[in-house]
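Just the one chain here, the form predicted on its own, laid out as structure tokens.
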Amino acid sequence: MSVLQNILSTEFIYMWIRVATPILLAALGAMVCSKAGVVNLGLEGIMLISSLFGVLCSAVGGNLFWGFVGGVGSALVVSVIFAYFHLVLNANATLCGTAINTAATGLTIFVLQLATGEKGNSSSLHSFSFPNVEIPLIRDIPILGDILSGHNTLTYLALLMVLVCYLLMYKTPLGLRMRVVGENPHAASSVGQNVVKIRFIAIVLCGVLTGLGGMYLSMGYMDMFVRDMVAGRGFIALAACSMGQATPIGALVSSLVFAFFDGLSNVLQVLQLPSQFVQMLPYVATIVGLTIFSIQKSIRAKQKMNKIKAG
């Protein structure tokens, strides 16, 4: 009963939204790339690098602005490298993404040690974090105010980005070009569209959104960088993008689903279950979710083929 009470509490729902923030931002980035026909497996590495450089630049620059510039800038650099190797040198996207993830793990530890002399975290640095925002009027509403008000600035930005990504994808010429390139690059090229340029823009936009997700972890959810703090959220974001059928609303709903199980793992600790079982719940939910999505996709494909044959 205590577990159910915890799940239904305003504290759990508040935490649920917080946990969903980095997954949602990265999932929206993956959605933009997916619409343009690029699978970016390097989300995990981009998040990790941006989370470190956001902290370092805010500490060196002495304010939040330089932290924002450093976090987003580092994500852009990594994204441009990925785009160059994949689009210009025609390297395999899966291998490029894997290389970024592998390099990010070692690079962040190396840079962290150079900057602080430690390999575990950046607690010795005086870094800055994005502030929490109390929403006028809403904060005074019982229950609703405890859930919706007082979140980090990047949480509200993530929710705003759902609308922005929707408008970008479905209400602008650039979004139309991205979708056409993703569905049929040869047809897009035949009518004069620069496929490489459009995909390059998509990868850069993905990097910005994913970088914001990484910065939230070290400058919102926590106030310091911790070694390997992304902890698989980049891969979960890819799963959320796939389950959401690469749409902004779908990415939001899927991110909330995965974040729920992540938050549930914290609540289940009161049952004194083995820690390994509790920690694996978000990843089991990811596997189950992708399995259900694959089955549904297969069923829809068969139904479509049957209609074509019948026609």
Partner chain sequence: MKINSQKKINLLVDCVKMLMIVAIACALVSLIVFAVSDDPLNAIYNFFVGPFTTLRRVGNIVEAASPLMFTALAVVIIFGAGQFSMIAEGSFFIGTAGAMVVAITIGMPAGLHPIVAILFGGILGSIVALIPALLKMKWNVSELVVSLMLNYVVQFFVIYLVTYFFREMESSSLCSVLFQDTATLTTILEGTRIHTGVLLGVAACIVMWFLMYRTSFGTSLRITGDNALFAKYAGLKVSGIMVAAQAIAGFLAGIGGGAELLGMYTRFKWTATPGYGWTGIVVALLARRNPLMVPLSAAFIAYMNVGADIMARNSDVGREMVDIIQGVMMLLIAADALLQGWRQRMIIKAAKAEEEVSV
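Here the rigid core means the biggest group of C-alpha atoms that line up within 1.5 Å when the two forms are laid on top of each other. Fair warning: this is a prediction, and the values are worked out from it, not measured in the lab. Positions refer to the first chain, counted from 1.
Omitted from view is the form predicted in complex with the partner chain, to which the following refers.
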Which residue among 219, 154, 236, 165 has a heavy atom within 4.5 angstroms of the partner chain in the model of the complex? 236
Tell me, yes or no, whether residue 283 is in contact with the partner chain in the model of the complex, where a contact means a heavy atom of each within 4.5 Å. yes
Partner contact for residue 232 in the model of the complex: the partner chain, 4.5 angstroms, heavy atom: yes
Do residue 59 and the partner chain come within 4.5 Å of each other in the model of the complex, heavy atoms counted? no
Is there a heavy atom of residue 64 lying 4.5 Å or less from a heavy atom of the partner chain in the model of the complex? no
Every residue of 88, 103 and 287 near the partner chain in the model of the complex, heavy atom within 4.5 Å: yes
I need the one stretch from 23-31, 37-45, 64-72, 249-257 whose residues put non-hydrogen atoms within 4.5 angstroms of the partner chain in the model of the complex. 37-45
May I ask you to list the residues of 89-108 that have any heavy atom within 4.5 angstroms of the partner chain in the model of the complex, in sequence order? 89, 90, 91, 92, 94, 95, 96, 98, 99, 102, 103, 106, 107
Relative to the superposed rigid core, does the CA atom of residue 290 travel 2 Å or more between the shown form and the other one? yes
